[in-house]
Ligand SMILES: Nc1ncnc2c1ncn2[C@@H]1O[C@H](COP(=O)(O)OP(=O)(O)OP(=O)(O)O)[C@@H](O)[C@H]1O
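Just one chain follows, in the form predicted on its own, and it is written as structure tokens.
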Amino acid sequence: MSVVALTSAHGAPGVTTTAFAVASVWPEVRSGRRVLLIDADPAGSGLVSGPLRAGIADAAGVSVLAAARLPLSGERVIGCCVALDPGGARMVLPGIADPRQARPLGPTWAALVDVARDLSAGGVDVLVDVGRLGHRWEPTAWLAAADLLAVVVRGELASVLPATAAVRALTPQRQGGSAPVGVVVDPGPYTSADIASALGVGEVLAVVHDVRVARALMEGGSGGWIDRSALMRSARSLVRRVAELVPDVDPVVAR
């Protein structure tokens, strides 16, 4: 696998929570693979103020990479990450705390796309939290080059209608890659097929909406009832389907 990016077009449908939940269960589902969650939201990180709020080392984060000289290497990127477990199977590259820090990050995002492919060939799958579309300094490199781009919505017109327009705009930007897919957090009165039809995508994946579990997860909770929750079970199902949609990179032909 290479790069999977998640974004949204309106409000706060749960991009960061979904990305973090998926990263949390990824190595469990994808045995033998590690995962790196890149926090690329230009509006400011929900992870820095959430599960990473206990503190981030001065040597960690995308701002540290931006201050380094290009080209980047996989080793340098991993060195700027925060490990979520002792073995480093789950890692986060922390994002920015202040939206004003997003302006100079364009070259860094472009360089990270290439590094992400190298990491994937070495057994590290890459997820990217792009945040909401429309920010002046949005990380367009991920939107164009991700091997799978997922637009996250809620099952309500206020969320689906802007996402439909976003899918139409994003599809021709995908550099010959696959068309976006949908991820629905709480379909409401609609089926996944209804939402797929409205968005104009071939597939919509579902994530269970559970405020209690989501809050606990984003406050750094883990294990026990969180792992057994319907939200985390749906995250595991999403990982399995994503693995089918985006096959592993063949290390023989990788960069």
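Values in this document were obtained by computation on a predicted structure and should not be read as measured data. In this text, residue numbers run from 1 along the sequence as written.
Omitted from view is the form predicted in complex with this ligand, to which the following refers.
Check your understanding: Hey, with this ligand in the predicted complex, do V4, V113 and L148 all fall inside the 4.5 Å heavy atom range?
Key -> Per the other structure, none of V4, V113 and L148 touch this ligand.
Review point. Is there any non-hydrogen atom of A23 lying within 4.5 Å of this ligand in the predicted complex?
Key: Taking the distances in the predicted complex, the answer for A23 is no, it never comes within 4.5 Å of this ligand.
Exercise for review: Classify A12 as contacting or not contacting this ligand in the predicted complex by the rule of any non-hydrogen atom within 4.5 angstroms, answering yes or no.
Suggested key: Because a heavy atom of A12 falls inside 4.5 Å of this ligand in the predicted complex, the answer is yes.
Review point. If you check in the predicted complex, is A214 within 4.5 Å of this ligand, heavy atoms only?
Key: Close contact exists here: in the predicted complex, A214 approaches this ligand to within 4.5 Å, heavy atoms only.
Exercise for review: Please check if R154 has a heavy atom lying within 4.5 Å of any heavy atom of this ligand in the predicted complex.
Suggested key: Output for R154 is yes: heavy atoms within 4.5 Å of this ligand.
Practice item. Have a look at 201-209, 222-230, 65-73, 29-37 and name the one stretch with heavy atoms inside 4.5 Å of this ligand in the predicted complex. Key: Flagged stretch: 201-209.
Review point. Looking at V185, L143, V82, A121, which has any heavy atom no more than 4.5 Å from this ligand in the predicted complex?
Key: Contact residue from the list: V185.
Practice item. Quick one: name the residues from 30-49 with any non-hydrogen atom within 4.5 angstroms of this ligand in the predicted complex. Key: Sequence-ordered list has one entry, D41.
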